[in-house]
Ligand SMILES: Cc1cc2nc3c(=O)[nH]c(=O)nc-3n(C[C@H](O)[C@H](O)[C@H](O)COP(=O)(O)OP(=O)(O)OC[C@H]3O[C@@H](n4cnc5c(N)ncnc54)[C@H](O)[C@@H]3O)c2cc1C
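As structure tokens, one chain now follows by itself in the form predicted on its own.
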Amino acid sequence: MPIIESKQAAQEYDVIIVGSGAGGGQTAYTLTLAGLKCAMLEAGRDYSPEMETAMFQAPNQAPLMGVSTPDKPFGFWDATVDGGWEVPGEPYTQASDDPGSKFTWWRARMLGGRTNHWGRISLRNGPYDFKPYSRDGLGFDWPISYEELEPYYTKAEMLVGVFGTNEGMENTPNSPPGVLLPPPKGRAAELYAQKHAKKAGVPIVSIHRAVLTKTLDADTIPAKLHPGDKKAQKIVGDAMRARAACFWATPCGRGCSIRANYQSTTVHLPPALATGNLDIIPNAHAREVLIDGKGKASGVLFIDKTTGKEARVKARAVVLAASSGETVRILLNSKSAQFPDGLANSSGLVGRYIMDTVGASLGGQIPALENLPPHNEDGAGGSHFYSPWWLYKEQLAGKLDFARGYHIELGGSRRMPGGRSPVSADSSEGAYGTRLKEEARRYYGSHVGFSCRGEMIPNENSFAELDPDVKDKWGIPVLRWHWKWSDHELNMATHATKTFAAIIEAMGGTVRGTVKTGKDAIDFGGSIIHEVGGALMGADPKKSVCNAWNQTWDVNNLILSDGTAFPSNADKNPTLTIMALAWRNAEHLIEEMKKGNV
């Protein structure tokens, strides 16, 4: 496996890729299978899910019963081995002390980035999501349509393996026949919610998630992905055969040693490495993109964390796929005589219009789910069902006080307790001994939870800039975050919590806690870990940073292949769209390099 030190890098590559997650991994896959020589810079350490995933350990085998700690915010067994809301030596700052203006920035410092621990919900943006301004006059349209990206959604789904069903719902696109894998059956709480949510007018269907419910067809899929390229087909087929179907052993957030779920480290990088065309340099903290005398990207200057010294790699083109905030940081720090305000920033829009997903939640207790017989409901990591946004017509008619939609994620089952009592303290208050056991059996699995994942409309008050004073441990200026939710998002959070209460009541249950509204209901910016934007793609160089192929207008051999170029942030989780865009961007880059345009 060509994991190399910075001093072992080649004199020059065709392409340097900064970041190894969904965008970086997909870019490396596409470019290397086409024969391009690539170097990948990863700010964190090397990571092997096959060797490091705790597939079978119970919570009581972990320190502190596996609970959350500052260096392990998602618990001891979570796949994020380095990183989190705070990264030692790499601070970020807030522009305001107002709690409502807080932005919490999640960073993964490891090979594969966030793809190692993410929820793996894989939803396609719909046609409306690419033209939101044309629909309601707010935000920005994308310079591409759903139809242009659809083939790449299909290829990404076939490559990574996504289960789910085609429901034909408005602005919730179907996949072509035979592309989706069979969905797992709903758990008891999910089936009960699906049945009774109809009373509240809410549809609940199978979710799309990047987990293999059966092995991929390695004999036919590679030919569909790489027609006419026998070498690529063999490499991809071999990689697919190395993946096993899920047997529901462990939460997906731990990573997957059998490669059943999607991680860049188990799906994108193995075939890229098998080509012999990829060198990966871990512990490479990118500082800036280097520019030659002609104003072209010529390489990347980075800090070798193992030595603390600066190092450089050169290439014909540079792809930034380090995550929205990190790519913005690199661009703003890439100052030169040609670009005194940061690289590719002639529009002044680098760092502007950053978005996250709207989050709000509510739980309830359902008597009908009490005293269920013991049964195993582990299943795929996360929920098997969800509710796509269902009120497009009402919204278009002006019947709602917010302009965009949200989907609902739900949870509730008799999963393995996470090192604590399987029931809440108030459900068994005052009980001990035999009665405590009886109360645990009664209430275990009877609690449900609903979460909103909604679209944020880009606004001028949500952006990132370089802090004028604070630097990281290597002397690099850090980001300072500005954040503001608009009334659209606050009203959405209110609508969501009231909807959740209606579903819980339709299930015959009782809401736990209070139904919060507005600022009290909405999660902090960044807390859903879906930040996108900061270098928007568009049709006008004066009003955007990138063109329709995510090439920056100012430097055509600099491509942004993470979420940075998103002009909007649909309620659909962004990872599948990042992959589809990265695949499309990479194919365009290959053609441009063949023509000598890059």
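Sequential numbering from 1, following the sequence displayed. Because the structure is a prediction, the values reported are computed rather than measured.
The same protein also exists as the form predicted together with the named molecule; that form is not shown, yet it is the one meant from here on.
The closest non-hydrogen atom of G119 lies within 4.5 Å of the named molecule in the predicted complex.
The named molecule is not shown here, but in the predicted complex it comes within 4.5 Å of a heavy atom of A321. Taking the partner from elsewhere, V545 is found to have every heavy atom lying beyond 4.5 Å of the named molecule in the predicted complex. In the predicted complex, A297 stays away from the named molecule, with no heavy atom inside 4.5 Å. Figure note: of the listed segments 522-530, 170-178, 392-400, 234-242, the one touching the named molecule in the predicted complex, with heavy atoms no more than 4.5 Å away, is 522-530. Here is the short version: of I366, A197, L273, M110, the single residue with a heavy atom within 4.5 Å of the named molecule in the predicted complex is M110. Contacts between 33-48 and the named molecule, taken as any heavy atom within 4.5 Å in the predicted complex, involve L41, E42, A43, G44.
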